[in-house]
Every structure is written in C-alpha cells, then in structure tokens.
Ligand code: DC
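Taking the form predicted on its own, here's one chain by itself in structure tokens.
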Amino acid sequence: MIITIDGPTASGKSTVARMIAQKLGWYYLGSGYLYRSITYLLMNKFHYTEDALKAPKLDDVCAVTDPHRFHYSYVGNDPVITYDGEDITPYLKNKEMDLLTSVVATNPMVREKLLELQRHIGSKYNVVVEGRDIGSVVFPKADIKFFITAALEERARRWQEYMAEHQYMHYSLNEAANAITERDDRDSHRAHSPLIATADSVIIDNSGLDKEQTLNKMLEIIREKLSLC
C-alpha cells in the first residue's frame, strides 16, 4: 500500500510523513533526500558549480543514480543514503543543499531517474512517500493521497525557525515569506511535474495545528480509508 503526502515548503509534510510511517510500521521515503543526494554527489563527486547544476550531463546523472552505487534505506526510523558504500546522509541537511537542491529538482532528466527509483521502492514495501509530485506523477494510483498546506505567514514562521535552529541564517518574517513565495512559484509553475493537489487528494490545512494534531487528523482518515484499527 502507498500513502502519498505532497505540499509546499514548510507545510510540515516531511515531519508528519515520518511520524505516520513510524505509527503504522511502514517504510518512509522522503523524495527530498533523493534530490539532495543528487545535488551533493554532482557537486562533490563530479565537481559541478552552481551554474552547472542547472544542466547536468546525462552520463553524470546516470552515474549518481546507478542502483549498484546509490542506495536509499530506512533504518531505525531514519533515512540512510549511501554512495559507493559511503554514508552521505549527514551532508544533506545544510544551507548549501537547501538552496541548491531546488535548482536540480527542476531538471526533467533528474526527475525521471528518481521517479524510477521511487517506484522501485514503492513496489517492495508498504510506504509513506512525501514530496511535491508524488500523488500526481510518481504514484498516481496511490491508496491514499494527502496534500498538506498552511497559510503563508504560518509557513514563513516555521521556515524562519527552522533556519535559525539549524544555524543556517537568521531571517526576518518578511524575508522568510519572500523566500517561501519564490519557492512556491518555482515549484507550482515548472514545466515538468509541477506541485499540484490532485482531484483525489485529501487536502489538510494545518494552519494553527501542531504536528501531533496534524498527525492525529491524518491517522483518523487513514484508518477509516484502510479499515485499520
């Protein structure tokens, strides 16, 4: 079975997806980790500059997504990504990856390669998958689809706190809102696999809800739809 969770930046989809996977005892697949991995590998193994990331070479994309070299696993409630046996997971959550991953994620060739990988994982497990085109493109026949969002001011506040907490940079609320709006626009208007809520998605607006309240609301829907206890 497959549950997809899509949504814009700072909607809380990654956090709640992992919580749902843990509650159900399912496999968690975070598409963001995959795109961050490709970005990291292109820059650190193939020495790409920021400008070069906009148009990666096919051979390089094939090399960094080679299933004999690139592995995604879900161990102890945490994603682990290795390349040539090296665990690269600790290098994926930082300011540089935050800023550059969205550049790589707009590339159709990259998205096509990662689509294959995500579907392969989805064929092996009961899985909770989150991202921006999961219910619309990657798993259009998923058992349950969610689209999570929140008011811009709420998402800006969350993003502002996240950036400060991880010691990336301090932003004013207005600066955070501008950054969120820019990312929303890029995700929603890209030519390939734009961020959308499909007609069969359950839309959750979690403005004013904490992560536990959001989780409980979604679990109630999941249990009802899948007839779980």
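The structure displayed is predicted, hence computed values, not measured ones. Heads up: residue numbers just count along the shown sequence, starting at 1.
Unshown form predicted together with ligand DC; subsequent notes refer to it.
Not one of G12, K145 and D205 places a heavy atom within 4.5 Å of ligand DC in the predicted complex. In terms of contact with ligand DC in the predicted complex, the residue from T65, S31, S201, Q160 that brings a heavy atom within 4.5 Å is S31. Of the residues A156, I81, A105, V127, just one reaches ligand DC in the predicted complex with a heavy atom at 4.5 Å or closer; this is A105.
Checking 185-193, 53-61, 40-48, 169-177 against ligand DC in the predicted complex, the stretch whose residues place heavy atoms within 4.5 Å of it is 185-193. Using a 4.5 Å cutoff between non-hydrogen atoms, T101 counts as a contact of ligand DC in the predicted complex.
At a distance threshold of 4.5 angstroms between non-hydrogen atoms, Y35 is in contact with ligand DC in the predicted complex. Using a 4.5 angstroms limit between non-hydrogen atoms, R111 touches ligand DC in the predicted complex.
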